[in-house]
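Okay, so here's just one chain, in structure tokens, the form predicted on its own.
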């Protein structure tokens, strides 16, 4: 794990000094993060990097995880999809399962933090334990067009929090509590994003029998319908009619996503007749993900809905040309035709990829612009600053705090 001073060459001494000054203001406060899984997905990934850095800065930071069985996570996956606007059949029994497990967590989890920071809907009902401490609800998903029934159900809990945090302006909702807009971030010194020697990249390609004899298009994502891996295959097949290339679909499944295995099977079935499609099930191997991104000629992120899309920031940080859907938090990272290409369909994705393969200098320039944009806006040091300002705002509600 990188030390805070190791970020100085990337962001400058003044940024680290500011973080130290803010951390001093939080002395004596305990920050308790609570989410649904310690591994898999962007929330766990961010917390795995952020919690140690906050501790190093002197902020007393803890991280707890709720418990839930297969039924509970099947229900919360339905809620997740419905909040993204996807049609789901939600039954009264689903709400009962959610509340039964939530009550077990209410009884079993000690909410000891001066600030209790709840991430996403799975642990939202813990706010029933609120006393004299401060409570934050962090929504990492795209709720720009949520299912009204699910959102109404969650609102009964949300209004009990002191403040809510969203990732993008489009996700903001009409609420009787204060809202903050804080985008996620990547850690440039993590195994997933740090510079790699060419031999490491080559060894990963050898491991998966991937040759560099033709352009590589890659999507790194959980096997999730909202990431549209089948649509990625269709776009690739259209590109391949004009330019011989290969596709990598690499990712894993999160502990709180029981649908992942079924999606993976569908993807494997669709890809089985094309030897140039590589389906890789990676178990949180960040070095391999890093190597695959660096080996690729184009990164695609064809999400149907997306809270933010950390894989876009990861690819842009590596100065890779990115084709991504114009959804969720992705447009915050990509300015169309400047730091990447945005698309709205399978046809749009295939057209953009053909354009990049035929114009390597243009592709290179997009990647360079993208890296600079991520450096200026989406590194973990900015995220740490925003979160510490957020924590302080809970004790100074009369002050205006601008979170950039």
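Numbering follows the first chain given and starts at 1. Please read all numbers here as calculations on a predicted model, not as lab measurements.
The protein also exists as the form predicted together with a small molecule; that form is not presented, and the subsequent description refers to it.
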> Looking at 322, 235, 139, 220, which has any heavy atom no more than 4.5 Å from the small molecule in the predicted bound form?
Replying inline: 220
> With the small molecule left out of view, which of 124, 310, 143, 298 would have a heavy atom within 4.5 Å of it in the predicted bound form?
Replying inline: 310
>> I'd like to know if residue 289 sits close to the small molecule in the predicted bound form, meaning any non-hydrogen atom pair within 4.5 angstroms.
In response: yes
>> I'd like to know whether residue 314 contacts the small molecule in the predicted bound form, with contact meaning heavy atoms within 4.5 angstroms.
In response: yes
>> Would you classify residue 187 as touching the small molecule in the predicted bound form, given a 4.5 Å non-hydrogen atom cut-off?
In response: no
> Does at least one non-hydrogen atom of residue 103 fall within 4.5 angstroms of the small molecule in the predicted bound form?
Replying inline: no
>> Only one of 203-211, 221-229, 148-156, 109-117 has heavy atoms within 4.5 Å of the small molecule in the predicted bound form; I'd like to know which.
In response: 221-229
> Would 215, 240 and 350 all count as contacting the small molecule in the predicted bound form, using a 4.5 Å heavy atom cut-off?
Replying inline: no
